[in-house]
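Only one chain is included here, represented as C-alpha cells and corresponding to the form predicted alone.
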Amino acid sequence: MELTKIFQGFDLLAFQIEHDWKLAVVRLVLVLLGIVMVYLGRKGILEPLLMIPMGLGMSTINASMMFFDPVNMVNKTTVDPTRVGTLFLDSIESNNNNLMTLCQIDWLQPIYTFAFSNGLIACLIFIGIGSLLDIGFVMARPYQSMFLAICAELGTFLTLPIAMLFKGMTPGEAASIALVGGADGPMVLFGSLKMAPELFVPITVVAYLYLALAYGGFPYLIRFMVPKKFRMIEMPKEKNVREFSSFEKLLFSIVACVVLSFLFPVAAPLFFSLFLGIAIRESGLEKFRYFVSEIILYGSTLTLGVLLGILCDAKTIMNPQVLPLLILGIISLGLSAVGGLIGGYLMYFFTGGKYNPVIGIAGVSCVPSTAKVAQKAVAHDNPGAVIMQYALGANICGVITTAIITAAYICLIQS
C-alpha cells in the first residue's frame, strides 16, 4: 500500500479501476493511441508536425494524472483528496482568481490561457501560412479556383443541418463542428471559441485529429472516386498566362483584406493575419518572412500540437458530447472531400475532358497538404503530369472561402 502512495500513478489507477473502470481503460487506451500517433507521424503516414507532439502529449497527460487540488491547496481551503489533476493545465477553470493561481502552478496554463483559448495561436499560424502562399496562383485562375473551393465546402454546408438533428446540440455547436469540413484547424479553433466556447476544446481536438488523418486517408478516397485514366490526365499547357508582379499581389492582398474585413468584421483577426503573411512575402521583407515562416509558424505549430495532446485526457474524450462530434467531424470532412472531387469532375466536363478531376480535392483548404496529396496521387500514375499550380490556386481559395463561411456562421449565430 505504501508503495502505491510513492508511485502516485498506480494509486490513482487502482482508485479508478475500483470506482470507474471505464475511465481507467480509456486512459490506458489513450496512452497507447498517443504512442501509435507518434509512430505514424514518424513514418510520414500522418502529418508529423502535429502528430508527434500531439501523440506524446496525449500519452503523457493520461499517464501523469494524480490526486491533485492545486487551487484549494494554495488558498488554504478544504482540499478535495479525490480530485484528479495534473501539473500541465486546467482547461475548464473559468474563475479569474483561480486562473491566476493556476498560472503560477501549471507550467502550460499561461500559454493556454493567454495564447490558445483566445485564438492567438490560430492567428500566428495564419500569419506563417500566409507568408508561404503565392496569391498569384489564385489571381491567374480566379474562377476555376473559387469554383473548386466552393464545391469543397460541401461538408461545411451540409453538416450544419445534420448536426442540428442531434438532441441537445445548439446552433453554435452545430456550426462549429461543421467547420471541420473546411479542413482549416485555426479556423475551427477561432469559430468554436466564438460560437461554442464550452465545447471548443473537444471540437478543436476532433478537428486536428481528423485533419491529420486526412493526410493519410485522402489518397485512398481519390483512388476510390477517380479512375486511373482520369488521374493520369495531363493539364494542357496554358498560353498567355499572365505573370503578376509582387506589387500587384501586394495590392490584391490589401484590397482583399480590407474588403473582407469590412464585410465580415467578426473574422477580421483571421483575414488580417493571413493577408499580413502574404503582404510580408510580397514586400520582399526577407528577414520578416523568415521570422514568420520559420520561427513563428513552426513554433506555433509545435505549441499547438503539444496543447492539443495535453487536452486529450480521458475525461475530455469520455464526455458524452464528444461521440457526436467524432461522428459529425468525419462526416463533414468526408463530404467536403467528395464535394471537391465532384467539382473536379464538373471542371472535367466543362473543359471537354481537359481537366484532371483530382485537382478538386485541393479545394479542401488544408494548406498545402491537400495540394500535395493531389499532386502525389496524379504523379503516382503519371510522373509527367504536373497539377500543382492549379491545386495551390484551389487550396488558397479554400482558405478564403472557409474564413468567409466561418464569419457568416458567427454572424448568424450571434445575431
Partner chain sequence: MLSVVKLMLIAVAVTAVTGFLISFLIQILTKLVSSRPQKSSDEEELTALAIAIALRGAERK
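Numbering follows the first chain given and starts at 1. This is a predicted model, so every value here is computed, not measured.
There is also a form predicted in complex with its partner chain; it is not shown, and the following applies to it.
Task: All of 146, 157 and 242 with a heavy atom within 4.5 Å of its partner chain in the model of the complex - done: All three within 4.5 Å in the model of the complex.
Open item on the list: How about residue 100 - does it come within 4.5 Å of its partner chain in the model of the complex, if we only consider non-hydrogen atoms?
Closed with: So residue 100 does not count as contacting its partner chain.
- [ ] Please run the contact check for residue 260 against its partner chain in the model of the complex: heavy atoms, 4.5 angstroms, yes or no?
- [x] Yes, contact at 4.5 Å.
Open item on the list: So, residue 150 and its partner chain: in the model of the complex, are they within 4.5 Å at any heavy atom pair?
Closed with: So residue 150 counts as contacting its partner chain.
TODO: May I ask you to state whether residue 404 is within 4.5 Å of its partner chain in the model of the complex, using heavy atom distances?
DONE: Residue 404: yes, in contact with its partner chain in the model of the complex.
Task: Proximity to its partner chain in the model of the complex, single hit among 333, 195, 138, 270 (heavy atom within 4.5 Å) - done: Spelling it out, the residue with a heavy atom inside the cut-off is 138.
Open item on the list: Can you tell me which of 161 to 169, 180 to 188, 86 to 94, 67 to 75 lies within 4.5 Å of its partner chain in the model of the complex, counting heavy atoms only?
Closed with: That would be 161 to 169.
TODO: Taking only heavy atoms into account, state which residues of 250 to 270 are within 4.5 Å of its partner chain in the model of the complex, ordered by sequence.
DONE: Those in contact are 251, 252, 255, 256, 259, 260, 263, 264.
Open item on the list: What direction does the residue 167-residue 183 Cα distance move in the model of the complex compared with the shown chain, closer or farther, given a change of 3 Å or more?
Closed with: Relative to this form, closer in the model of the complex.
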